[in-house]
Ligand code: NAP
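Here you get one chain, nothing else, as structure tokens; it is the form predicted alone.
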Amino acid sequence: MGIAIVTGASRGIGASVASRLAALGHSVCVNYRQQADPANRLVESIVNHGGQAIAVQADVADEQQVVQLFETVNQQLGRVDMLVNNAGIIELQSRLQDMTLQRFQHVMNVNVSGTFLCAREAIKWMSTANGGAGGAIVNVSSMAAKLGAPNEYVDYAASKGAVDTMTVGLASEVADQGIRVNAVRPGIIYTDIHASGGEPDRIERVKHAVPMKRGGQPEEVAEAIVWLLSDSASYCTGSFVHVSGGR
């Protein structure tokens, strides 16, 4: 069984991924930045169901905290071979002309720099060139990367576009080192992130634009992520799976 780090795993898609991986017998690090109580409750639930998990606080945009995150996992669980770059943020809905540079940089630091830092550290542990046994990385992108999120989250969409490009380049870079790198692009999913944008019920407003006429559930995204991590996807790298109801 493998050892996984799931960033931003105290709630939403990350929590669903951590639960699913643990149910399959993998050891899981539930990473969080601020939500200690939900993260600890998730770990407790996993352990109570016979799984192995730890909660580790780390801000993925902070280089030293990310380095320490991977060292902690190595010490407490073992050498990581699965990484899910799920941590991400949005700010309040806004047109680009009204966004501050500080806001833009904050979104980029978490969504892009965080993905970069975690991927970099994962490669150090996973790569066969570094004595590792290989592994798999799944980046959580967004359909916003293709649609642009006009009038709401152009900065977020741009950050996910950067994640997409990083996914493609990194997949080619480490393919001969036993590491697969893929991404999922969720659509409109029922998570707390919409409240961060100032509209908790956003899905109810926009779901009619989705061909399936509904929002998605975190568990539906988690299934795609877990598949990409698994041996069933052993010949997939540099690939994108849309979990978006046809949008």
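All residue numbers refer to positions in the sequence shown, first residue = 1. These figures come from a predicted structure and were not determined experimentally.
Heads up, the form predicted together with this ligand isn't pictured, but that's what we're talking about next.
Among residues of the shown chain, V17 is not one whose heavy atoms approach this ligand to within 4.5 Å in the predicted bound form. Although the partner is absent here, Y156 lies within 4.5 Å of this ligand in the predicted bound form, judged by heavy atoms. For the chain shown alone, V60 is a contact residue for this ligand in the predicted bound form, at least one non-hydrogen atom being within 4.5 angstroms. In the predicted bound form, this ligand sits within 4.5 Å of a heavy atom belonging to Q34. Only one of D201, D192, E44, E219 lies close to this ligand in the predicted bound form, with a heavy atom inside 4.5 Å, and it is D192. This chain is drawn without this ligand; in the predicted bound form, the residue among A171, M99, V110, L77 with a heavy atom within 4.5 Å of it is V110. Heavy atoms within 4.5 Å of this ligand in the predicted bound form belong, among the stretches 25 to 33, 204 to 212, 45 to 53, 174 to 182, to residues of 25 to 33.
With contact defined as any non-hydrogen atom lying within 4.5 angstroms of this ligand in the predicted bound form, the contacting residues in 82 to 107 are N86, A87, G88, I89, given in sequence order.
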